[in-house]
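Take a look at this one chain, the form predicted alone, written out in structure tokens.
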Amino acid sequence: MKKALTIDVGGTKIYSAIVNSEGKIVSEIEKHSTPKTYDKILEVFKELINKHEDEVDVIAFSTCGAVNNTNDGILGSTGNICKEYPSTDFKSLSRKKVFVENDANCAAWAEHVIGASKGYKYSVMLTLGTGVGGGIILDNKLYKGKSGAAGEMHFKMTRTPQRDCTCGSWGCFEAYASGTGLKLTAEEIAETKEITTYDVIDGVKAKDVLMTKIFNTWQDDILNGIIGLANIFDPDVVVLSGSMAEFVDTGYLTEETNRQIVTQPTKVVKAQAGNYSGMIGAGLLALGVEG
């Protein structure tokens, strides 16, 4: 059975493992803090590849940042890692084939092949974390757009107050639907900065009226984004992953989405591929495993 060394590159952590063509992790998962300098990042890559290159058929990167359609380079700055990182010549890192894809796209593919959207031809995945990532599957194919940058969840929301976004614009879906968005919504409604997302979640569990209002406002921001995406892509299913996804009510989101969309009914579900779906998806894509 073919195997891939998969390396998941984020702004704070770099994970690696060997994944087989069934989407199973068949090695120990190695973890490194993401170095601050470019040279040190390359050292981590080279160390991992030199250690495992002879055990695998391909090297697969799941990375922050949009990736080009030839799957060998990053398009522009990622904002959460050293500025030189997008210039990486990934092909030069190994004598084996090297494959690169955006981390949210990788996670969406893992869900499509082995997870919550398995068996569906059309799906949209949203990763709700500190920010919001996205991946789109159309007719069993990962949709990347003309350059490779499709799936960025930075469309505008008709919502006040308008918030600055990490992308440099303002009023983006990410600025409201992310964990950071929940924190900002809490500050606005509670009229204090002395409040955390943990306060909100704990308050909802305790049936606190104010915290429930904050949570419902945030969840409705997610709902409005899903409605727009469902109207555009007409998916079989919308998959929610990431650390904040565990708190949302998918039954409510499904019911309200279907009540308001003009396309055919869909459903909202939680991801099933696990915490390492980025690595799994990168391996499956690099090995050519279809859903």
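From 1 onward, residues are counted along the sequence shown. Quick caveat: nothing in here was measured; it's all calculated off a predicted structure.
Keep in mind that the form predicted in complex with another copy of the chain is not shown, yet the notes after this line are about it.
**Q** Given that another copy of the chain is not shown alongside this chain, does residue 158 nevertheless sit within 4.5 Å of it in the predicted complex, heavy atom to heavy atom?
**A** It does: once another copy of the chain is placed as it appears in the predicted complex, residue 158 has a heavy atom within 4.5 Å of it.
**Q** Check whether residue 136 has any heavy atom within 4.5 Å of a heavy atom of another copy of the chain in the predicted complex, and answer yes or no.
**A** Residue-level check for residue 136: yes, a contact with another copy of the chain.
**Q** Taking another copy of the chain as it sits in the predicted complex, is residue 81 in contact with it (heavy atom to heavy atom, 4.5 Å or less)?
**A** Heavy-atom contact with another copy of the chain at 4.5 Å: absent for residue 81.
**Q** Whether residue 35 contacts another copy of the chain in the predicted complex should be assessed with a 4.5 Å heavy atom distance threshold; does it?
**A** Close contact is absent here: in the predicted complex, residue 35 is far from another copy of the chain, nothing within 4.5 Å, heavy atoms only.
**Q** Hey, with another copy of the chain in the predicted complex, do 190, 241 and 269 all fall inside the 4.5 Å heavy atom range?
**A** Answer is no for this spot.
**Q** Identify which of 58, 248, 44, 229 has a heavy atom within 4.5 Å of another copy of the chain in the predicted complex; exactly one of them does.
**A** When another copy of the chain is considered in the predicted complex, the option within 4.5 Å is 229.
**Q** Taking 4.5 Å between heavy atoms as the contact cutoff, choose which of 105, 127, 185, 117 touches another copy of the chain in the predicted complex.
**A** Partner contact (heavy atom, 4.5 Å) among the options: 185.
**Q** Just one of 167-175, 192-200, 108-116, 88-96 has residues with a heavy atom within 4.5 Å of another copy of the chain in the predicted complex, so point it out.
**A** In short, 167-175.
**Q** Using the arrangement in the predicted complex, list in sequence order the residues of 216-236 with any heavy atom within 4.5 angstroms of another copy of the chain.
**A** The stretch touches the partner through 217, 221, 224, 227, 228, 229, 231, 232, 233, 234, 235, 236.
**Q** Would one find the Cα atoms of residue 77 and residue 161 closer or farther in the predicted complex than in this form, where their distance changes by 3 Å or more?
**A** Closer in the predicted complex, by 3 Å or more.
**Q** So the Cα-Cα distance between residue 161 and residue 169 shifts by 3 Å or more in the predicted complex; is it shorter or longer than what we see here?
**A** Closer is correct, given that in the predicted complex the C-alpha spacing of residue 161 to residue 169 is reduced by at least 3 Å.
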